[in-house]
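Shown here is one chain on its own, the form predicted alone, set out as structure tokens.
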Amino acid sequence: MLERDAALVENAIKEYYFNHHDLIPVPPKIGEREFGYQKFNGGMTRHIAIRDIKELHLLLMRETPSDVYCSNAYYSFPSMPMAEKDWKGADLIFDIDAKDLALDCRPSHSVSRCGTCGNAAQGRHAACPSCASPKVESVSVACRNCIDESKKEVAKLAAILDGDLGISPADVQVYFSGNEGFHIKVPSPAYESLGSHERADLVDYVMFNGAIPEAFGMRRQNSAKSSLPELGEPGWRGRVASGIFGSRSRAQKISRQVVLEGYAAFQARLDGLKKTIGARVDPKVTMDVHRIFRLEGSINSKSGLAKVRAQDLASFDPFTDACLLGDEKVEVAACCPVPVRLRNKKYGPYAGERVSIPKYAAVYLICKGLASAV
């Protein structure tokens, strides 16, 4: 990031931390967690121990990090090297990100940014349409459909956790990550001691990985004697029945058809159901018991939006509820071929023009590499 752009964004973030430190809650067991941060155009600083919220606020004001992180794990010695920290447990966290959902809308709000000539073109291109340079980076701007589809995955995950594992929705915390996804935290002592292997098994379960026909009553030999799941059954059997039959009126006919098709065809049906009935989470995130996650209330340097809790997922609007930077006008040179909506206002498209826009919108475009401070 250019120095003048970094200075504008850093100033906006520092102002936010000064005026809204109340939006950054005290993480439970703060003294047992590892903290880390990045600065603009700088590397990661990790293995920081913080005793209380005053020390955390001091770090934010002194360093003005572009991003700040806190571990899901608890340690006896959080400031020591990883091998010497003495791991005590970790919160169970799932990550759902729109970029992993392969949505049809992605090309319409993706921008190919050329590192040679600075041109920005809508869609994804292997080379710059303007100068043919291969130094092209793809970025994605705000899209409501991506957020809505991510919310559906969060709801699927919450239903599985509740119905199959008995984890009440009241014990599940959902956070907007600050860019295009959600972090789902289960801060329960019952799951703190799970290691990477156990968490991997849990991920496979919620994603519906490795499902085999025998688990749903299909016989490899003599399939006519199979006992397929019925609508209304609990857990995965009920979800599979709903995914295959759809309604009770069709269940008997489709059930006969499935049995006649045989074992291999049923396996193919199960594989095809994975995306629709399984929760599409990032398995690597949940398995990592030493990961540091973006701190709640902090700003995400990929967007200038904040990581905030979605108390009511259905009504939560990240483009308003997480858009918390100042609104004084600043002037930028913007090259953004697709419109951006923030706080119910549209910005762009811009074709390499100087515009005066609110600071929160300017920071968003700068963080995406689609504008520069004037």
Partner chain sequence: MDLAKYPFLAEAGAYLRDKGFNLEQLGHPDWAPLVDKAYGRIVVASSGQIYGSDSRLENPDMEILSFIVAVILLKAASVQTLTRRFALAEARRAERYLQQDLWSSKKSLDLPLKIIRELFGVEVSVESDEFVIRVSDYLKRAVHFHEKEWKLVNRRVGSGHVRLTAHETVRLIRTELGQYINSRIQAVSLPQIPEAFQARVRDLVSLASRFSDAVVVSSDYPPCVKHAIEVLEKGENLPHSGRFLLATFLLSRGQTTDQIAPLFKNAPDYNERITRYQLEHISGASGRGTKYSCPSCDKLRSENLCFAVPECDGVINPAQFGKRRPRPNA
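Residue numbers count along the first chain shown, from 1. This structure is a prediction, so every number in the text was calculated from the model and none was measured.
Another form, the form predicted in complex with the partner chain, is not on view; read the next lines as being about it.
Exactly one of the stretches 113-121, 235-243, 221-229, 143-151 approaches the partner chain in the predicted complex with heavy atoms within 4.5 Å, and it is 235-243. Not one of Pro318, Pro358 and Tyr360 comes within 4.5 Å of the partner chain in the predicted complex, counting any heavy atom. Though the partner chain is absent from this view, in the predicted complex it lies within 4.5 Å of a heavy atom of just one residue from Asp171, Asp282, Asp288, Asp204, which is Asp204. The partner is absent here, but in the predicted complex a heavy atom of Phe208, alone among Phe208, Phe293, Tyr175, Tyr74, sits within 4.5 Å of the partner chain. For the chain shown alone, Asp97 is not a contact residue for the partner chain in the predicted complex, no non-hydrogen atom being within 4.5 angstroms. For Ala127, no non-hydrogen atom is located within 4.5 Å of the partner chain in the predicted complex, even though that partner is not displayed.
Although the partner is absent from this view, Phe266 stays clear of the partner chain in the predicted complex, with no non-hydrogen atom inside 4.5 angstroms.
At least one heavy atom of Leu194 is located within 4.5 Å of the partner chain in the predicted complex. Residues from 48-82 do not approach the partner chain in the predicted complex: none has a non-hydrogen atom within 4.5 Å of it.
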